[in-house]
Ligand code: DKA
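Below sits a lone chain in structure tokens, taken as the form predicted on its own.
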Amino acid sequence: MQWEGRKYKLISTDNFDSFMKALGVGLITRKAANAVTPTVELRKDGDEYNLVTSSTFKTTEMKFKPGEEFEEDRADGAKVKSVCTFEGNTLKQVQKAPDGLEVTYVREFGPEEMKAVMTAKDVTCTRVYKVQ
């Protein structure tokens, strides 16, 4: 896929604070997360993918094989189970927490930008990233 290894830097965000509130993220962490402009990069190694989100605040890596459930730590520290699938240039992630909260992330990779639409409860957040 042509967008593997490309770095995308956050340029705009809409409703991110409300999205983090829906996840139960505390005020101090939300303030810090709102203040940074992370870079996202999708890497492939064999049949495994690694989605790296890095900023001055924190760097996270999400390693997965499409269609296979895996465990990850959500931004608020909750241990959740996720499944990622690809449809063309779109990476869809469904994340389920032990408390029943389901969160979806739809990341659409393009030649110039990556758009991430995240939904938790009745809150939707859109973040747009530009190729660096």
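Everything quoted here is computed from the prediction, not taken from an experiment. Position 1 is the first residue in the sequence shown; the rest follow in order.
Missing here is the form predicted together with the named molecule; even so, the following discussion is about that form.
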Query raised in the report: In terms of non-hydrogen atoms within 4.5 angstroms, which of the given stretches 84-92, 41-49, 28-36, 63-71 touches the named molecule in the model of the complex?
Result: 28-36
Report task. Please check if Tyr129 has a heavy atom lying within 4.5 Å of any heavy atom of the named molecule in the model of the complex. Result -> yes
Query raised in the report: Any chance Ala120 has a heavy atom within 4.5 Å of the named molecule in the model of the complex?
Result: no
Query raised in the report: Given that the partner is absent here, does Phe109 sit within 4.5 Å of the named molecule in the model of the complex, heavy atoms only?
Result: no
Query raised in the report: Taking Trp3, Tyr8 and Thr59 as a possible spot, do all three reach the named molecule in the model of the complex with a heavy atom inside 4.5 Å?
Result: no
